[in-house]
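Here you get one chain, nothing else, as structure tokens; it is the form predicted on its own.
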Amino acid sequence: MNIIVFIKATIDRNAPLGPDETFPGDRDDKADVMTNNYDKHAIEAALQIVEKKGDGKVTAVCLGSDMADKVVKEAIAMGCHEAFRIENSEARVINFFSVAKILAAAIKKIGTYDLILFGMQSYDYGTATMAPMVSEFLDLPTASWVERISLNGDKINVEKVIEGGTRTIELQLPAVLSIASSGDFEEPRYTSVRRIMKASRTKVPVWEIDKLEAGALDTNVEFTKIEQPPARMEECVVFKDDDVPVLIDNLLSALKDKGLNLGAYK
């Protein structure tokens, strides 16, 4: 079982952030750069699968500047068998569509794989679109926000989060998954000081974007401003009647007044 896990270097949410510092490579202090925490759940999922299978390899891949080397080394310390970085200094490529093309090209370069895993989203932009886009480029089946995985020959059964619950589906391998921060992979493993020290001495292999045959890339993207979204104006209505039927009628009436379609309720 060969699994590729994509990890991302993000800026620590506790670090001060200015409008010109959206990319980890913009930071002067490497301490401000961290592994996107959601990606650690993907690493945990990959390691659990290989351990349960009894053989295989987990390869971690990161697109970023040399500031991201610490992220690659952390993946190795957690237990990934190999890891490398795709050089993207000075935020050469930040367009999400182009990033997906680069990651798909890296997968083709690796060649042998059964599963491709992502965290469910990133801490910075949080679009949760990278796994579906990569699966589209590779023409592979995909499932998002996966909590549990069970192997079934050349197929897998996955339990994924949906609104209001979960759903179990079967996918043909190879497949692309994004891993939820809940379920079987909720607690990424800690690593020992010895493994951390050993990983810190590891030389990170670097691949150049131009050698990945990713095709034409749109690099004409610029972030001009970062600002908080407008505050949401919510109105709280409290119903104090103790009679349940009356409470329900009052609630439905209030929803109807807001313009909601309540079907048969008049």
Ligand SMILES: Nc1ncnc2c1ncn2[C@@H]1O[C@H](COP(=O)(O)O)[C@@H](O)[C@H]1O
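From 1 onward, residues are counted along the sequence shown. Quick caveat: nothing in here was measured; it's all calculated off a predicted structure.
Below, we refer to the form predicted in complex with this ligand, which is not included among the displayed structures.
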| query | finding |
| --- | --- |
| Contacting member of L212, V204, M67, L63, with respect to this ligand in the predicted bound form [4.5 Å, heavy atom] | L63 |
| The single option of V158, A77, M130, L173 touching this ligand in the predicted bound form, heavy atom within 4.5 Å | M130 |
| S135: touches this ligand in the predicted bound form, heavy atom cutoff 4.5 angstroms | no |
| Any non-hydrogen atom of L103 within 4.5 angstroms of this ligand in the predicted bound form | yes |
| In the predicted bound form, T142 touching this ligand (heavy atom, 4.5 Å) | no |
| 4.5 Å heavy atom contact, Y125 and this ligand in the predicted bound form | yes |
| Per-stretch contact check against this ligand in the predicted bound form, the hit in 95 to 103, 108 to 116, 150 to 158, 188 to 196 (non-hydrogen atom, 4.5 angstroms) | 95 to 103 |
| Residues of stretch 35 to 50 in contact with this ligand in the predicted bound form (4.5 Å, non-hydrogen atom) | N36, D39 |
